[in-house]
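Starting off, we have a lone chain in the form predicted alone, written out as structure tokens.
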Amino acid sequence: MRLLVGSFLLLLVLLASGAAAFTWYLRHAHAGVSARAQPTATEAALATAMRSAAIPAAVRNRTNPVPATPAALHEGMEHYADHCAVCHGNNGSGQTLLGAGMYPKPPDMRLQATQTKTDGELFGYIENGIRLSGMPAFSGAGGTEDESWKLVVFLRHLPQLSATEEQAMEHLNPKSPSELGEEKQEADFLNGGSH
């Protein structure tokens, strides 16, 4: 009985110590739980390891069954501009209003950290999302695996994205109700209506 009570007390002390250390960390080392802070090296390493472990080998080792044709690239670009660019930016930089407020920030997908991932890893991130980040899962959202594979084709193209392609994507980005209203007023004016 004495051993049981001693073990219980030791467990309470360890839990209290852990809670105190975590509280100190949040207050001093990390400015609370703000999404504005940059991840620490420890957080980044842990998140990278967890993200890698989350992709089963059977998915990681898949190769893209969709050939990188101009048509597949264009379809991937259209889908990306409509669904992904709001966080990742048309050019893949992650420098967007939404991206700036996320923790962790969206990666610059033109860089090696993304481009050296396997096709299967990129596909897995698109289909299943990434826990504890802003990356949602897109499988089961009315799309097909083919759409995700076309996105992988487009992601591979991001480092070579031309200014002309990036400008064309702006017309494919979702528009807010106020932007749609402005476009309608503009069109009405150009067609002889009053402003």
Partner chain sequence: MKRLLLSLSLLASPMAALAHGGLTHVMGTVAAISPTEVDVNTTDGKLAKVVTEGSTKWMKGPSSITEAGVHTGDRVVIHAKPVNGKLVAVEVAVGTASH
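Positions refer to the first chain, counted from 1. Bear in mind that the values here come from a model prediction, so they are computed numbers and not experimental data. Only the largest set of C-alpha atoms that superpose within 1.5 Å between the two forms is called the rigid core.
Not pictured, yet referred to below: the form predicted in complex with its partner chain.
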{"item": "Contact assignment for its partner chain in the predicted complex, among Q167, T42, T63, S34, heavy atom within 4.5 Å", "value": "Q167"}
{"item": "Three-residue site E179, E182 and L190 fully in contact with its partner chain in the predicted complex at 4.5 Å by heavy atom", "value": "yes"}
{"item": "Q185: Cα shift of 2 Å or greater between the shown form and the other one (core-aligned)", "value": "yes"}
